[in-house]
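Heads up, the chain below is alone and in the form predicted on its own; it's given as structure tokens.
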Amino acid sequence: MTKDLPVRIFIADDNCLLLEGLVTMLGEQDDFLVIGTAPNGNKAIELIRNLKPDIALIDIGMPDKDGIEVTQTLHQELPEVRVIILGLIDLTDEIMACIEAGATGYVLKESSFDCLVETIRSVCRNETFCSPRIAASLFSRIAELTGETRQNLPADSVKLTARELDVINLIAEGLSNKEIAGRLFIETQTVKNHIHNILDKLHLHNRFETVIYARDRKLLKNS
């Protein structure tokens, strides 16, 4: 996405009132542009193939194809389109299924509009994809599901700095880069540099693997 251009958003939801409300409110944001909508999964896939938005907000419970099925199709055909699921319940297994399907965000419909806006912006910045509450439960679930991969993690001899450990602990709380920067009184770019160094040192791929690594080695303050 080009910095000077608005984020192009597509919305799919079978609730007409909610759909119209989101179109109106998101359209009031200077950095967003709603380019299309759909009332069901099949129509959403058809239109997204043609429109190729930056962000697709997809309702989890649509008719004909639900949000997970739509996400799987988009992830396979248009991986550059980032999908944020609009969910009904804070159920870890459901959220995990969305992530496995290729979703990069999950927002409860009961959440505030500000939460949705921040999630969209965070996903665009590659920072985080859900609220701290959801993130905390996901980290625990992922740790359970990836037990067989832990043997392949780097050796304990890798040395992390005190500041890197601070960053890892805040990642485990579900904080975004911006929130970590505020907590540590440093610049957001400095946080990004720390995360890059951590992943490089540990030969890991993402924030989840970092938290699992830290939990396994009792590096988290609450472990």
Partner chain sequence: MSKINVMFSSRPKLLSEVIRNLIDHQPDMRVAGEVVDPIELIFALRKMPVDVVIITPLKPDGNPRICSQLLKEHPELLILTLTDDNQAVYIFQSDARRKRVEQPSEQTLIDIIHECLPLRSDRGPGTVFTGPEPDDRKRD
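Positions refer to the first chain, counted from 1. Owing to the predicted nature of the structure, the values given are computational and were not obtained by experimental measurement.
What comes next is about the form predicted together with its partner chain, which is not displayed.
Of the candidates 74, 95, 103, 86, 86 is the one whose heavy atoms come within 4.5 Å of its partner chain in the predicted complex; the others do not. Its partner chain is not drawn, but in the predicted complex it has no heavy atom within 4.5 Å of residue 187. Heavy atoms of residue 199 never reach within 4.5 Å of its partner chain in the predicted complex, leaving it off the interface. Contact between residue 121 and its partner chain in the predicted complex is not found at the 4.5 Å heavy atom cutoff.
Of the heavy atoms in residue 112, some are within 4.5 Å of its partner chain in the predicted complex. Residues of 16 to 47 lying near its partner chain in the predicted complex, listed in sequence order, are 16, 17, 18, 20, 21, 22, 24, 25, 28, the criterion being any heavy atom within 4.5 Å.
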